[in-house]
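Coming up is one lone chain in structure tokens, specifically the form predicted alone.
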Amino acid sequence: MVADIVQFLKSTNRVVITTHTRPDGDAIGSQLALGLFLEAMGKDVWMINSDPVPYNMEWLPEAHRIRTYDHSLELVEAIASADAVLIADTNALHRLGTPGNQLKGSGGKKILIDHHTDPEDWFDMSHRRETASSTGELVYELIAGWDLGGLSPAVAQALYVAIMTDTGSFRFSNVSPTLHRMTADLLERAETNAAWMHSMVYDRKSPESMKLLAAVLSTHQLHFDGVVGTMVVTRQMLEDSGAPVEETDGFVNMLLGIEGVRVAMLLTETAKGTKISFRSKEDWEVHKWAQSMGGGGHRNASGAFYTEPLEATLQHILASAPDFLNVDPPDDGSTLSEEDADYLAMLSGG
């Protein structure tokens, strides 16, 4: 399918590239790399998202070129006149946010580039592989199928960040020898070093974020004999710390550092419900669990948004865990252990 997509893109003039709401490093890096490469190939490229570039990705070359959809006539016309709409790092309409329906309704071919499970069926073409480490890996394959000579330092930096962030800095099980050879090529082309790029993404925390981290860590709790770990981020914590919610990125992974924990969840309270970040190790899959709550993602990294308050969401998660994990419900037949009931009461101030 790479050859078919490349052949089609060569025939296009205007290309729109988009990604999911609250974009992460893989989303922004993949989108930016595609956009800069296609522009170098002579295409009229528009990069349009529902949400802005996160602060720790703003340093990427040409990141300011990514537009936040604002219903302006300029962006509406760009989407309407596109020959191709490339959707990167997500495969569901609702994950595209505000411009989603217009992007789907564009007359241009919809091309999916993604590594998540269970894609929707409205795409005309796709380059997807669930076993890929990242969407960035798939974008590299597309570029390699066209002309690696067009892989500039800016494109290389964007792709390196995409892959680095979605592999947990190359520590997840989806990292392969082939991927390391790919990233070696990117580093040779990037005209900078891995330590600097890692620092720009992960070492730019505000003093406020440290205050928030301390509050969040104090809520950590283990469940099901220590196999499952949870933490919560309340609106009050965000207000008290002064840190933006984006600075919670990476918090959930800290739970997986606890010996014995195989599944970790970070629940973030919002005005309209609760955002859940699922992470897991080895063959402890969480994507079906996330899908049951209206979300989705990878087998070991997924997310969902549940339109219930924080305590109700956590109660639902703990009660449903035996349906999706190899864990046993409480011996007395209740949905929650006594310890978990006390934990919920503590969170609600009871």
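Model, not experiment: these values are computed from the prediction. Position 1 is the first residue in the sequence shown; the rest follow in order.
The same protein has a further form, the form predicted together with a small molecule, not shown here; the description that follows concerns it.
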{"query": "One residue of 198, 94, 211, 205 in contact with the small molecule, assessed in the model of the complex (non-hydrogen atom, 4.5 angstroms)", "finding": "94"}
{"query": "The single option of 63, 325, 301, 310 touching the small molecule in the model of the complex, heavy atom within 4.5 Å", "finding": "301"}
{"query": "Output flag, 22, 279 and 296 jointly within 4.5 Å of the small molecule in the model of the complex, heavy atom basis", "finding": "yes"}
{"query": "Stretch from 98-106, 168-176, 131-139, 269-277 whose residues place a heavy atom within 4.5 Å of the small molecule in the model of the complex", "finding": "269-277"}
{"query": "Touches the small molecule in the model of the complex: residue 127 (any heavy atom, 4.5 Å)", "finding": "no"}
{"query": "In the model of the complex, residue 116 touching the small molecule (heavy atom, 4.5 Å)", "finding": "yes"}
{"query": "The small molecule contact in the model of the complex: residue 305, any heavy atom under 4.5 Å", "finding": "yes"}
